[in-house]
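So this first bit is one chain, no partners, the form predicted on its own, shown in structure tokens.
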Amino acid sequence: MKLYYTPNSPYARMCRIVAELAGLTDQIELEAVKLRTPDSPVLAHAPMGRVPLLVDGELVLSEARHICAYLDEKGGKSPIVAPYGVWRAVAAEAEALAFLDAVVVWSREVRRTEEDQSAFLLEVADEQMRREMMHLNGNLSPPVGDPPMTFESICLFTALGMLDFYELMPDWRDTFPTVAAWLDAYEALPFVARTLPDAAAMNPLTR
């Protein structure tokens, strides 16, 4: 299997974590690629050129949830991604993934030049994130013992990691201390800390 990725992609980060949890690290070749380049090796497998992209023989998967579910199946351990039919868990995953998606959109906007940024979009993103953070602060509990690894939790700590990395909401840890304590428990895990975003791996954002 080969996983094409960009180092700071939160979606690729999720896949790399699930691969490790599934015991598949030695079976996956990682290839870091650049985005929006005409010679990207990803284009030979998927014309949209999206990452992360998992190639396993003739199978090509490009959605993070699908990749993680496939890795679950290949690893044969306790599943991390909720199966369709367990609808409450699927709904919780969808909410967490929507949170991550919104953080990604916000991070892209703040990385544009100041004259290209939308003040309206930034205002809406800040309000949206604060509503979600208030919800999380009232519903999460810092784990006792080993933090449970689910697709929902991976989406959440990946999104929160992006809030920190891009400094999107500098006051969030003081404003939402329960969420901060919850995140600290996950980021203390070595395999989570190893995949944190890295300034040295930043790709310039182009239109």
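In case it trips you up, residue 1 is the first one in the sequence shown, and so on. A quick note: this is a predicted structure, and the numbers were derived from the prediction, not measured.
Same protein, other form: the form predicted together with a small molecule, not shown, and the subject of what follows.
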Could you tell me if Gly161 has a non-hydrogen atom within 4.5 Å of the small molecule in the predicted bound form?
no
Can Leu156 be called a contact residue for the small molecule in the predicted bound form at 4.5 Å between heavy atoms?
no
Leu35 versus the small molecule, in the predicted bound form: is there a non-hydrogen atom within 4.5 Å?
yes
Is Glu63 close to the small molecule in the predicted bound form, meaning a heavy atom pair under 4.5 Å apart or at it?
yes
Can you say which of 136-144, 35-43, 174-182, 22-30 gets within 4.5 Å of the small molecule in the predicted bound form, counting heavy atoms only?
35-43
